[in-house]
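Only one chain is given next, in structure tokens, and it is the form predicted alone.
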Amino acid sequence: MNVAVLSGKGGTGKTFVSVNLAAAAPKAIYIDCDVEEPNGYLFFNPENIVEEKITVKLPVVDHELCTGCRKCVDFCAFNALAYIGGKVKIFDEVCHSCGGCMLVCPEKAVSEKDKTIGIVQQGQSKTVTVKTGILNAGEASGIPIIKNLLQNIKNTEQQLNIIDCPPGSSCIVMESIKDADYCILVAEPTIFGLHNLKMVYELVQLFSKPFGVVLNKCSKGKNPAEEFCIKENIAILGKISFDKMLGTENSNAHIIVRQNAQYNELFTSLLGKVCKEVQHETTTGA
């Protein structure tokens, strides 16, 4: 079962919810797809880490074979190639590694080389397997790393996979949720929080994903995010209070369900609700 946790921006508590859901389960895989700024591993502090380099293919031109026909330049929709000073020049930063320039070259003057764009790490923290993607600084896209993180996980009823998505609603978020069975949207009780909730709300609807909302940092007074959920008939899976102790523990990278019985019960209950929602969707096809 793949459960994706989203938020319209960073700092709402997305990783907090993801980490504690995984830790509350009897056994789980936590997958940090926020490859530009991963931080879930700071909570889990996994052991026995195995690391894998992630590479993409980039074109290389043999200028002795190249006749200057410019078919590769004309083919590239991303303007990653240009014919300058009698030679084809490659702009690695905007290349999407499609391999088309190599296929259209009549002289076979274009080949490919590997470029490392980041790493994937896997380790163990008690009953949680921790998978983390780390994109090298300056790289244009983390999608190849996210694909690697998600490609070998088992999607079965017995296996719980918690996918900690990047913030926002961009392409890397779409890649993170495309195989999700259920999405949890984490929202703050502010006007700004409502704006960002609407972003991911529209995204999960676009992908026709079943979803519910967790309201974080709740206090007395108006909660625009909660009002929106009630108005739109969106399931509110749980509410987490604005708690100074909780903020302190989270800032110190402590997993609260492993230290506090009240929050262990809260996240165990939340996980149970999500499992029931997934089973309902599977049974009814709704």
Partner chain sequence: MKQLLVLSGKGGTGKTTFVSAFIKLADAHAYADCDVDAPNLHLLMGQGISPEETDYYGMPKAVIDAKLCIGCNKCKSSCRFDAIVVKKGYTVDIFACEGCGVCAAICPVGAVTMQPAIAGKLKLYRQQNRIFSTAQLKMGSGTSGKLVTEVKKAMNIKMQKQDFAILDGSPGIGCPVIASLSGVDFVLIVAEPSMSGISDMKRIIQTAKIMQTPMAVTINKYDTNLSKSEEIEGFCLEENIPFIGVVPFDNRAVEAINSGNTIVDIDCVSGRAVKEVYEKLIKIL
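Keep in mind that what you see is a predicted model, and the values were worked out from it rather than measured. Positions refer to the first chain, counted from 1.
Below: the form predicted in complex with its partner chain, not depicted.
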| said: in the predicted complex, is there a heavy atom of its partner chain that lies within 4.5 Å of any heavy atom of Glu202, even though the partner is absent here? | reply: yes
| field | Proximity of Val35 to its partner chain in the predicted complex, heavy atoms at 4.5 Å | value | yes
| task | Indicate whether its partner chain has at least one heavy atom within 4.5 Å of a heavy atom of Tyr41 in the predicted complex. | result | yes
| Does at least one non-hydrogen atom of Gly168 fall within 4.5 angstroms of its partner chain in the predicted complex? | yes
| message | Which is the contacting stretch out of 124-132, 154-162, 202-210, 179-187, given heavy atoms within 4.5 Å of its partner chain in the predicted complex? | response | 202-210
| task | Verify the flagged residues Lys147, Met174 and Ile191 against its partner chain in the predicted complex: is each one within 4.5 Å by a non-hydrogen atom? | result | yes
| request: Just give me the single entry in Thr67, Ser241, Asn252, Gln259 that has a non-hydrogen atom within 4.5 angstroms of its partner chain in the predicted complex. | output: Asn252
| query | Hey, which residues along 91-107 are within 4.5 angstroms of its partner chain in the predicted complex, non-hydrogen atoms only? | reply | His96, Ser97, Cys98, Gly99, Gly100, Met102, Leu103
